[in-house]
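Next up is one chain by itself, shown in structure tokens, the form predicted on its own.
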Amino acid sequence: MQITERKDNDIVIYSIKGDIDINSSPQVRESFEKLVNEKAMKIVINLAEVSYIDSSGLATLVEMLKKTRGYGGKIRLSNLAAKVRSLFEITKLEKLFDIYDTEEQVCADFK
């Protein structure tokens, strides 16, 4: 799994490549902890290259969402593959997360 970070003004964009599962969740958590410690206010997680997320991956994303909301920040998801989006719908997590079709839509909405 690979995580890349870039910034668009005050928006931090994380792009994840690979599965988010029991083996990679600690890496995702560690990466996001840095943003939480910096109190990043606007975070986009681009999941375009994620084809699978297991329960530990979902738990990691929920944990980061709660921590970010705790200090007033926002996390938004973009570019979910059909299978991943379906998982969010089945688990009702689409009600918890703001999900966008494209990264551009998220960034425009943040501004």
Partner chain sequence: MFSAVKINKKISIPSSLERVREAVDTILGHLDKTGLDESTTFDIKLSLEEAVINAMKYGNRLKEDLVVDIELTHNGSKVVIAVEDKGDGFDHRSLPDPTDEENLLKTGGRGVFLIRHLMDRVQYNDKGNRTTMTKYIKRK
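In this text the structure is predicted, and so the values were computed from the model without any measurement. Positions refer to the first chain, counted from 1.
One more form of this protein exists, namely the form predicted together with its partner chain; it is left out here, but the text below deals with it.
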Using heavy atoms and a 4.5 Å limit, would one call I45 a contact residue for its partner chain in the model of the complex? no
Within a 4.5 Å heavy atom cut-off, is L96 in contact with its partner chain in the model of the complex? yes
Given that its partner chain is not shown alongside this chain, does Y52 nevertheless sit within 4.5 Å of it in the model of the complex, heavy atom to heavy atom? yes
My question is simply whether V36 lines the interface with its partner chain in the model of the complex - judged by any non-hydrogen atom within 4.5 Å. no
Counting only non-hydrogen atoms and a 4.5 Å cut-off, give the residues of 86 to 111 close to its partner chain in the model of the complex. L87, I90, T91, K92, L93, K95, L96
